[in-house]
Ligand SMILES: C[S@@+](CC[C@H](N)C(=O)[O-])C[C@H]1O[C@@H](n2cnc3c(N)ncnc32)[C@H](O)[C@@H]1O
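What follows is one chain in structure tokens, specifically the form predicted alone.
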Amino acid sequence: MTFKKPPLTLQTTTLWDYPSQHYGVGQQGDSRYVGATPSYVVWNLLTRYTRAGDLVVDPFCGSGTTIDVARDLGRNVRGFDLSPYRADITAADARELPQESGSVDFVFMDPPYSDNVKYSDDPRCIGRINATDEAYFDALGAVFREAHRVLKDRRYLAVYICDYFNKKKGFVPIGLRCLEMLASDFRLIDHVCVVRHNKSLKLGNWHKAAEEDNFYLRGFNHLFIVKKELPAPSAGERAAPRRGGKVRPS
């Protein structure tokens, strides 16, 4: 019997789940890619926060999930990654994107959650930094500032990320740290929890270890939705003359 994927529906609470990694008859991105973003999550975000023809950017594009979903919805899209997985992804560091300031309508990012997965041999790769090292958060802060730079005013950024736990190194609240950093430059719109369907969560030995050693497996990802809002110009700035001596209308 062939598995039929459920129809796409908008999530209406702050607890999201997804019935499969991909929607429709094909794939968005590549299921073989470790840590691939669920296309249902990207579809929900782009449906709510973008319109046809908008420019969407993903600075950690991975196997191209965001590109495929954006094209399905009639959005323009650019995907960047230090190690491009396919030809329509541009090689770039998420902290220094080859994109004009104030040119993007929506940014989605699914950055590394510490150094759990080897994404690249590039020494600039954030996924080579353990989350217990403050350099990891310094790097993410630079990524958030770059997203702010390329976004148009009153446009949105979504960050999909998970907390970190290691029995030897302990717990790192990546989500809370990211929320704190984002709040310094963006207006917070909402915080969504997305159920994780990581294969390890289905393994009985992992759950047995969690019981015996008194720790928790990561059961959800954070999804932060924030908005760039530039301060309104002061009265003096509104009246400042343009080049050529003309006065800007208020």
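As the structure is a computational prediction, the values presented were derived from the model and not from experiment. Residue numbers run from 1 along the displayed sequence.
There is another form of this protein, the form predicted in complex with the ligand, and it is not shown here; the text below is about that form.
Would you point out which of 49 to 57, 181 to 189, 212 to 220, 33 to 41 contains residues with a non-hydrogen atom within 4.5 Å of the ligand in the model of the complex? Only one stretch passes the 4.5 Å heavy-atom test: 33 to 41.
Identify, from the list 95, 71, 152, 177, the residue with a heavy atom within 4.5 Å of the ligand in the model of the complex. Flagged contact: 95.
Find out whether any non-hydrogen atom of residue 111 is located within 4.5 angstroms of the ligand in the model of the complex, and reply yes or no. So residue 111 counts as contacting the ligand.
Please determine whether residue 164 contacts the ligand in the model of the complex, using a 4.5 Å cut-off between heavy atoms. No.
Give a yes or no for residue 142: in the model of the complex, does one of its heavy atoms lie within 4.5 Å of a heavy atom belonging to the ligand? Output for residue 142 is no: heavy atoms all beyond 4.5 Å of the ligand.
Touches the ligand in the model of the complex: residue 119 (any heavy atom, 4.5 Å): Residue 119: contacts the ligand in the model of the complex.
For the stretch 54 to 81, return the residues whose heavy atoms include at least one within 4.5 Å of the ligand in the model of the complex, in the order they occur. Those in contact are 58, 59, 60, 61, 62, 63, 64, 65, 81.
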